[in-house]
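Heads up, the chain below is alone and in the form predicted on its own; it's given as structure tokens.
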Amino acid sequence: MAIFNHSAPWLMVLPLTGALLTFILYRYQNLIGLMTAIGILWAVIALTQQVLTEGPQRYSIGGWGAPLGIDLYADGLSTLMLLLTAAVGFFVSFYGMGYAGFRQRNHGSDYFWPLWLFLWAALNGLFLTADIFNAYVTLELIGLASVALVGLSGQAPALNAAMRYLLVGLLGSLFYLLGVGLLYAGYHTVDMASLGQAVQAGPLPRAALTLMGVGLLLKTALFPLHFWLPPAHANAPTPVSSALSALVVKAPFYLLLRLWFTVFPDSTTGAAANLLGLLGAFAILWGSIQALQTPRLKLLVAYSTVAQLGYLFLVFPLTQNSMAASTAWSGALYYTLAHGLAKGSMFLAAGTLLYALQQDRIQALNGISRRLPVTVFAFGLAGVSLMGLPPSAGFLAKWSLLTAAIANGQWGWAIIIVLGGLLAAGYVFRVLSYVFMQAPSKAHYRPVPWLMEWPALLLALMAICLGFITQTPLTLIEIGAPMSYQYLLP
């Protein structure tokens, strides 16, 4: 069908239309939201097929391309992020239909769908944009929608977390926009491909990269700039927590990859790459230790996000050596996929446990596996991928990063990868030790709709299955990759 040849614009048109309709026709929000999610998934699959068969795609909106118009660009990296967003978004939408927490707060249920679909449109826009200014616009839209979703419950902790998130997001945007201004003043274009050809090593591009990098690190919540993330993710409504942790924090990381490898390949230095890797290593250790100590389940999952984000930043030092660069690249992108699916599932499972128990203290989980076996199974499967155990996608991704570190002789990163896996096992088994406890619980359970249990399990199963089905994702990662590609996966 001709529509499939132009599926990229539909990835923004569909969720924007859905957001408008769910705002106007609020009585049919669930139906409109579900149909929109199915339509987006359909369009992403069509675009993926197109990229797999024809290679990277470039679209000029209205026939006006760069530098005057707006271009959309889809290669393996952007298509992979769109697929992750569609998969997580589809199950978050299902969970949102059944989320019983909204029924207790009519205010939240009225605005969830418009804001969530608006956020989805902004995420798709960021993953498709081909210029740094439109990337700024979509980043702003993502931030505003996310802040509103975090504060949806109207409770004081959620509002405080949303306000902190808003201020940090605005500060990050300011840094990023200053970098955009420097680049435009120096090169008179905002198109990423044109900038990549024009930018050479020098003070101006390095100043721009520093400003934009700091802004994006704030939004990604890389250690030590992570202080806003745990309260925001832990106090948001459950489907929002899942989307934030699986998708939203990866949007600025995606943009940083674009800038690092496309716009500034001649301006980056080994010292800067090692600094990012070092911050990632501290994130793995600090986030894991906090997850081991916190008494609340959703906060544990939020600190786990802080830790797991650290693995993504190991791609910068590990791609400095051309011998293992392709392995590190594939490992980092595969981990983005694996973590998105697993963490989306884990937050949905944690939210279901919170709803059933009316609290999320870990010590109150004793014996809940007999009440909610599907949810507990989903939490455990997601934990398998986060720990990096075979045969999960998390295992393949960590194996690739480990292989790259050993091939480069960078043993410090290899030790961090292994240690991070052991610490993840510690906090996952800490939860499982309570849920499988035989001691009878005195807690009062609320019945849980099936729509709050199965999305978490299906997402977790996808994180496991991607450990078996590797050919298509790895082929996709190769398309448009910034370095030559070799498979070193086991």
Partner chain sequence: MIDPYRAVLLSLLLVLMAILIWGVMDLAPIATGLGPMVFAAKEPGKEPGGEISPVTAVLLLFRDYDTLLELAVLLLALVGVWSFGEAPPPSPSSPDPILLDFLRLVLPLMALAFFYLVWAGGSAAGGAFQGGAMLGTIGALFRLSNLSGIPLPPEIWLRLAAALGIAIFLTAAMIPLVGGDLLLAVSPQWMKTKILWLEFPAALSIGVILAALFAGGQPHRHTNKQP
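Note that this is a predicted model, so its numbers are computed, not measured. Numbering follows the first chain given and starts at 1.
Quick note: we don't show the form predicted in complex with its partner chain, though the next part is all about it.
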Every residue in Y355, P390 and M452 with a non-hydrogen atom within 4.5 Å of its partner chain in the predicted complex? no
Here the chain appears without its partner; judged in the predicted complex, the stretch of 428-436, 461-469, 35-43, 59-67 with heavy atoms within 4.5 Å of its partner chain is 59-67
Item to check | Y26: touches its partner chain in the predicted complex, heavy atom cutoff 4.5 angstroms | outcome: yes
Q. Going by a heavy atom distance of 4.5 Å, is P482 a contact of its partner chain in the predicted complex?
A. no
Quick check on T138: any heavy atom within 4.5 Å of its partner chain in the predicted complex?
yes
Q. Though only this chain appears here, would F175 touch its partner chain in the predicted complex if you measure heavy atom gaps against 4.5 Å?
A. yes
Picking from A364, L159, A193, L275, the single residue whose non-hydrogen atoms come within 4.5 angstroms of its partner chain in the predicted complex is L159
Residue within 4.5 Å of its partner chain in the predicted complex by heavy atom, from W286, W399, Y111, F377, is Y111
Across 9-24, the residues having a non-hydrogen atom within 4.5 Å of its partner chain in the predicted complex turn out to be P9, W10, M12, V13, L16, T17, L20, F23, I24
